[in-house]
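In structure tokens, the next block holds one chain alone, the form predicted on its own.
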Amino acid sequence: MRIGIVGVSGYGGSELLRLCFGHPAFEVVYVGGESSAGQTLSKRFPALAGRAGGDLAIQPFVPEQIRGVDLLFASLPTGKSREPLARVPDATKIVDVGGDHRFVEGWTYGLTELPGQRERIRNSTRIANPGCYPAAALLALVPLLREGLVEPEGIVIDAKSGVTGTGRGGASDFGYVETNEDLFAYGLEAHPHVREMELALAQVAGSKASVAFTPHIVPMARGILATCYARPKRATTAARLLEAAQSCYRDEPFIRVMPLERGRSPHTGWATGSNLAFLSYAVNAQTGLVVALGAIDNLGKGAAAQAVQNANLMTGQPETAGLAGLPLWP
């Protein structure tokens, strides 16, 4: 399969490049960028020197000139992809890693493990990848809503992300000096992921869903931990919640449902560099609230690796192709 990547010099785009170069059926034939246009891949990424494709030049992104590409990954900032991707030739399939096409008519939402979503992705030519925070939170919550164990309204999602979640072009207050030895919440007035999560959860629950979402930046490069709180519809136990998740994800190659160990949740580091998601569940003894936890790599299941999973389905590859490697353990 002949693959193109737009936004190749960003965090998500460069992770896509790494995964595609290691993919058994993907050949990168086009790379697009703005600030990096004119450089070769090996100049931008020295590890590609001497490899086939390393001398590929990064091009300015002109949608009408995309030719001979079977599938295009677009990793552009939210607000920058809707207009240019509308001009990409119909023959080229697209996975938009950015936020412009989630729950937009004509585009399929690309979180594979949602009920019924796999076949929709397989039969689509336009996929909107999920946001990184929603990927972690939705995977944790979906089994509980699917079995009617929790109320779909009034869900609270408290999530922490590594700095790469803000993108390479993020504001100056997301730089190393500003984030090292620091922790802060952001997007408190409004966050675009709220609508995305509410629509996805409503589809699963079959009724209105509402979410209070607070994202935080923590001083690490990558990873997301989403801690989600929901009201149970009836008295329940952690074992029952775990059973629901295990049933929902029994045959899923990238989901790991984990019992809490000594009261501790999954670690983001368990997923680094992979498409894995680690999920755990608890019930707060004082309040009775259900606690659902999801840990992922924001550049993996939250972006590039999920995009490759979608591309595999769209192009008839084994779903796990290029994604079977182990995480990067510290």
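Just so you know, these numbers come straight off a predicted model, no measurement behind them. All residue numbers are counted from 1 along the displayed sequence.
One more form of this protein, predicted together with a further copy of the same chain, exists but is not displayed; see below.
Check your understanding: Just one of V156, A86, L199, A239 has a heavy atom within 4.5 Å of a further copy of the same chain in the predicted bound form. Which one?
Key -> The option sitting close enough to the partner is V156.
Review point. Which one of G269, P63, G54, G33 is close to a further copy of the same chain in the predicted bound form, taking close to mean a heavy atom within 4.5 Å?
Key: Result of the distance check: G269.
Review point. In the predicted bound form, does R67 have a heavy atom within 4.5 Å of a further copy of the same chain?
Key: Answer no; every heavy atom of R67 is more than 4.5 Å from a further copy of the same chain in the predicted bound form.
Review point. Looking at the partner-bound form in the predicted bound form, is L276 within 4.5 Å of a further copy of the same chain by any heavy atom?
Key: L276: contacts a further copy of the same chain in the predicted bound form.
Check your understanding: Given that the partner is absent here, does A235 sit within 4.5 Å of a further copy of the same chain in the predicted bound form, heavy atoms only?
Key -> Result no; A235 lies far from a further copy of the same chain in the predicted bound form.
Review point. Heavy atom to heavy atom, is Q317 within 4.5 Å of a further copy of the same chain in the predicted bound form?
Key: Because no heavy atom of Q317 falls inside 4.5 Å of a further copy of the same chain in the predicted bound form, the answer is no.
Practice item. Just one of 108 to 116, 142 to 150, 182 to 190, 74 to 82 has residues with a heavy atom within 4.5 Å of a further copy of the same chain in the predicted bound form, so point it out. Key: Careful reading of the contacts points to 182 to 190.
Exercise for review: Heavy atoms within 4.5 Å of a further copy of the same chain in the predicted bound form is the criterion; list the residues of 284 to 302 that meet it.
Suggested key: Heavy-atom contacts to a further copy of the same chain in the predicted bound form: N284, Q286, T287, L289, V291, L293, L299.
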